[in-house]
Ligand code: GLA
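Below sits a lone chain in structure tokens, taken as the form predicted on its own.
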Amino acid sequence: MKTDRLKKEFTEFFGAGREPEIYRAPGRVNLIGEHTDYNDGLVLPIAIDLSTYGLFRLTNEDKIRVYSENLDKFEEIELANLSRRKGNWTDYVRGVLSSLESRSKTISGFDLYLSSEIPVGSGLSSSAALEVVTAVGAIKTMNLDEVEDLDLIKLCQKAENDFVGANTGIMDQYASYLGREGAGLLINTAEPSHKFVDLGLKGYELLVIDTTVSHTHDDNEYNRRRRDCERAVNAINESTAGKTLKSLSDIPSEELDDILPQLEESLANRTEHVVRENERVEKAAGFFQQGRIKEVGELFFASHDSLRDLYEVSSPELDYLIEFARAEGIPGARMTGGGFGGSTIHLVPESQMDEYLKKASRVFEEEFEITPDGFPVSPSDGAKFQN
């Protein structure tokens, strides 16, 4: 059992003492709704059955000792210097703890052992899972005042935005914390609010294929797309009398034909993607609930085409896998995550899963001399106590 192994390894690393408490937070796959979350739009992610585990044990020391099993790296974080950035993996932990300190004024020393099943750089939100498991575990371990769900999600997002410097939206932390087994989360990021969507996947599975081409969310290109959207909002408000858009998601689709000619080409493309992607998310949620997987798949393909052509965040490796999916006749596939590498999500009939994955892996490796990592994922529960 994984938790038994982790407890044993915790004791071997940090020494004997009180048994640690184990918490876990899952990664996420965004089914549809890409680059809409920071535009106050709609997204439809799931929490997945791959998680980051955190083992916590209070100490009497004035520091936090943290070890990453995956990186095989150890650091000590002095309580007096929680807000000091290091420019490495511990900034995700430091950012969360610094925000908790600003709320509670009291942070105690503890040991933290981290182990993750989520491939880093795959677009499956390993960073959000790390933030959420740190927040949930630290609050419980130190017996801090409970934090409301949305406040905890925003606290983790703030750590990534302001402390790490990755200008992401709220979706990743939201899905990792509030996911539900068997369901998608239809999130309106403007409010933010959500409702659960029965995915109606009878006879189909969700397959992730990780290109293993690494990307990071603090890449200049990712942040540039966000600035493009802000520039588009400002340009529309300046050129259209009476317009007071807060985000591109405020634009009704019927007004696009009048608005797009006012913008330079790249900003028009970003704007069209966001408005049409919101429409696709809303339609996909309805089709999922009706079990209309063929129609969902068509929206997946359309989403990918828009991300490739209008938002320009795809890559040759991602595009290759989507064209393979089309050629194989499966219902749908698209890139998932921020782009510039990472993963694709495929809707595959259960009966074809093994053969489809084998063939996709073989032809991808022949094309790029890279071995992809493919695995089915299931909609799973969000963060929780694991012992």
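Quantities reported herein were computed from a predicted structural model and do not represent experimental measurements. Start at 1 and count along the sequence shown; that's the residue number.
What comes next is about the form predicted together with alpha-D-galactopyranose, which does not appear here.
Not one of Ser126, Glu131 and Tyr177 comes within 4.5 Å of alpha-D-galactopyranose in the predicted complex, counting any heavy atom. By the criterion of a heavy atom within 4.5 Å, Phe301 is excluded from the residues contacting alpha-D-galactopyranose in the predicted complex. Using a 4.5 Å cutoff between non-hydrogen atoms, Met171 counts as a contact of alpha-D-galactopyranose in the predicted complex. Residue contact with alpha-D-galactopyranose in the predicted complex: Phe163 places no heavy atom within 4.5 Å of it. Contact annotation: Asp40 falls outside 4.5 Å of alpha-D-galactopyranose in the predicted complex, judged by heavy atom distances. Tyr222 is the sole member of Trp89, Phe287, Phe110, Tyr222 with a non-hydrogen atom within 4.5 Å of alpha-D-galactopyranose in the predicted complex. The stretch from 331-339, 344-352, 64-72, 317-325 that comes within 4.5 Å of alpha-D-galactopyranose in the predicted complex, counting heavy atoms only, is 331-339.
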